[in-house]
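The data below hold one chain only, encoded as structure tokens and taken in the form predicted alone.
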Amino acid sequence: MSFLSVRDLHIDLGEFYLQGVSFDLDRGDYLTIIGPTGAGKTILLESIIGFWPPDKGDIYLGGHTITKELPENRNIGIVYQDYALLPHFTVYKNIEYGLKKKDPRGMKQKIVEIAEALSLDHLLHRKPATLSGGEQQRVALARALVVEPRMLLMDEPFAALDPQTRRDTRILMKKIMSRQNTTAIHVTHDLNDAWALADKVAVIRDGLLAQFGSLEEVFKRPRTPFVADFVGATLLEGAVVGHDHGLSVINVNGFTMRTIDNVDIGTKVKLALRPEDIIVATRPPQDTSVQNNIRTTVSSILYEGKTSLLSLTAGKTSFTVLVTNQSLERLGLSPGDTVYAMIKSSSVRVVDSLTC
């Protein structure tokens, strides 16, 4: 039996809503929810904790319905982007705040342990105003986790942090969540949060659950063009024209792709490619085991910090490649250059098929 079950959840708040959302989590799962602004991500969190009663549907936790339970009886923690710390309390008192409503025995030990786990033990005497954004966020997390909630919900918890602090906080988060085996749901706009922390991913669009599954399923086998675009994958369309040493051979607008997925000849398919799974070279590859080698043209280059995105075209087909700036400099690429895209057959995944 699943630890958390959300069943056919409908909520209508006018501008924001959910329509028929259903999914299951096991104990210890870490779910990231992604989707456009206004898609309904925060409503889903707040319905699970009990702030919004559903118009239809049920929520089960630990095998029992909590649909009509008051928020204070659900033992679910929630952390928002703005931390909501008590400014006149020390870090210790902020962490202690939730424990006062529970059994006080062993309180000090619990506070010290959670503070050490989140690298806050040297800050227990400080006030929130004297802390950095990353430190304040860790205090908010410690306050939520010290009461040992059945589940932890987080709404954009790292959004206000600088990139390095965000990376450091992810490392601490992964460590403590694994140690406590806490089930978590984390709303984010940063796909790196999902890559670093999640084992399950939900994509929400216009109040609907567009896709739910493992990190691998959602990011490497997106079901729709919207999901593919949102998670940074490229969808290609083609038809299976043959088989070669156990691989399906697919014609994609004049060039062929090979995939490990076994599909019947004549089947129309959609293929998903991840930008980080494509290698580029300025010369035709020699003596390589990579099954897909495609002659392409660089149509554009987008610089993004330490990495860059290349837009490549082959015939009428375009796809995106992620490269480090060091590799880009070494290759000396400019728009209009010819490059060869090398893609392993295991990185080309069929996400949809239709037999002709």
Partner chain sequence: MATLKKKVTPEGLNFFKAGLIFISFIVTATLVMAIAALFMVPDVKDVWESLQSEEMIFSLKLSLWTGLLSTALVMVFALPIGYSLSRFQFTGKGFVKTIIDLPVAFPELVLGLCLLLLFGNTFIGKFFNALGLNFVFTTQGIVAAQFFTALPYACRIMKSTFDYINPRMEFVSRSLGYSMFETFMNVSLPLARNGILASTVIAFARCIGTFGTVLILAGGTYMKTEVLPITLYLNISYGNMGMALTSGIVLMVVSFVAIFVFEQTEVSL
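Since this is a predicted model, take the numbers as computed values, not measurements. Numbering follows the first chain given and starts at 1. Each form is matched to the other, and the largest set of C-alpha atoms that superpose within 1.5 Å is called the rigid core.
Just so you know, the form predicted together with its partner chain exists too; it's not on screen, but the next bit is about it.
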As a check of understanding, the residue in Asp190, Asp229, Asp82, Glu276 with any heavy atom within 4.5 Å of its partner chain in the predicted bound form should be identified as Asp82
Though its partner chain is not shown, can you say which of Val241, Ala159, Ala196, Leu86 has a heavy atom within 4.5 Å of it in the predicted bound form? Leu86
Distance check, Asp155 to its partner chain in the predicted bound form, heavy atom within 4.5 Å: yes
Is the gap between Trp52 and its partner chain in the predicted bound form 4.5 Å or less for some heavy atom pair? yes
Even though its partner chain is not shown here, does His245 get within 4.5 Å of it in the predicted bound form, heavy atoms only? no
Although its partner chain is absent from this view, report whether Pro225 comes within 4.5 Å of it in the predicted bound form, heavy atoms only. no
Out of 310-318, 42-50, 29-37, 284-292, where are the residues with a heavy atom within 4.5 Å of its partner chain in the predicted bound form? 42-50
Checking a candidate spot here: are Ile78, Tyr97 and Arg143 all in contact with its partner chain in the predicted bound form (at least one heavy atom each within 4.5 Å)? yes
Which residues, if any, of 205-235 lie within 4.5 Å of its partner chain in the predicted bound form when only heavy atoms count? none
Core superposition between the shown form and the other one, C-alpha change of Ala129 at least 2 Å: yes
